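Before any questions on how it binds or moves, here is one chain, the form predicted alone, in structure tokens.
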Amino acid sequence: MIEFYNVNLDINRVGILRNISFRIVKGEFTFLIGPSGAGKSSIIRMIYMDVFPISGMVVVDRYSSAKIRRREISMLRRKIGVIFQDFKLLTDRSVFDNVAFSLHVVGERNKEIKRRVLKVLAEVNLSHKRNQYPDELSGGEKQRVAIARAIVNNPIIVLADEPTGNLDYASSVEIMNILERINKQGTAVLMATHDAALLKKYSHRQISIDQGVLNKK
């Protein structure tokens, strides 16, 4: 599903990643671990083709960084759900409208949008908050809205970039339990984190990176 082949990445002539190779298979839950600044976010950006390697290749589903055309990038991103540490919610839109936004972009019918949004809000236990706005929510609730938004398009993989970084431990565990449920339904999850407590609690495969280089085990 995701393969990195000897990937090197520079941004503004600064070396970010060096000789990165790994594979994530369909339906796998994987932790991408390492300290802040290790290169975790850059790996995630490369998966949804926001940045491209200076050498090597990233393959996601049937798309390759070496061959993908500009118009195909949006098609790839429809297969990927992304969750950020700082939520990135639209503050002037309700919970319902934040989750519905990507469905409107791809031209779904209103009846189908309503059905799918209400379904995913129920999955993250936020049906009762659907008419509220982000500023009225707790941090954990905002992240659950972000998860609902990420899964409403039925992605093949969810990329979670430090999704618990701004949350307390109880909220972090709640987010992890939701991600595990999503994974058990068949969606692959790649979660970047440096949260030692969560890594100790959950025994998923770990890919470790530091200073742009994979740590070999």
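Residue positions are given as counts along the sequence shown, with the first one as 1. This structure is a prediction, so every number in the text was calculated from the model and none was measured.
Unshown form predicted in complex with another copy of the chain; subsequent notes refer to it.
Participant: Verify the contact flag for Ser55: yes if a non-hydrogen atom of it lies within 4.5 Å of a non-hydrogen atom of another copy of the chain in the predicted complex, no if not.
Facilitator: Ser55: no, not in contact with another copy of the chain in the predicted complex.
Participant: So, Gly37 and another copy of the chain: in the predicted complex, are they within 4.5 Å at any heavy atom pair?
Facilitator: Because a heavy atom of Gly37 falls inside 4.5 Å of another copy of the chain in the predicted complex, the answer is yes.
Participant: Considering non-hydrogen atoms and a 4.5 Å limit, does another copy of the chain approach Gly165 in the predicted complex?
Facilitator: It does: once another copy of the chain is placed as it appears in the predicted complex, Gly165 has a heavy atom within 4.5 Å of it.
Participant: Is there a heavy atom of Gln85 no more than 4.5 Å from a heavy atom of another copy of the chain in the predicted complex?
Facilitator: Contact with another copy of the chain, yes.
Participant: Out of 58-66, 181-189, 23-31, 157-165, where are the residues with a heavy atom within 4.5 Å of another copy of the chain in the predicted complex?
Facilitator: Single hit among the candidates: 157-165.
Participant: Using the arrangement in the predicted complex, list in sequence order the residues of 135-167 with any heavy atom within 4.5 angstroms of another copy of the chain.
Facilitator: Result: Glu136, Ser138, Gly139, Gly140, Glu141, Lys142, Arg144, Glu162, Gly165, Asn166, Leu167.
Participant: Knowing the Cα distance between Lys184 and Asn125 changes 3 Å or more in the predicted complex, does it shrink or grow relative to here?
Facilitator: Their C-alpha distance grows by at least 3 Å in the predicted complex.
Participant: Taking the shown form as the reference, report whether the CA atoms of Gly165 and Asn125 lie closer or farther apart in the predicted complex; the distance changes by 3 angstroms or more.
Facilitator: Result: closer.
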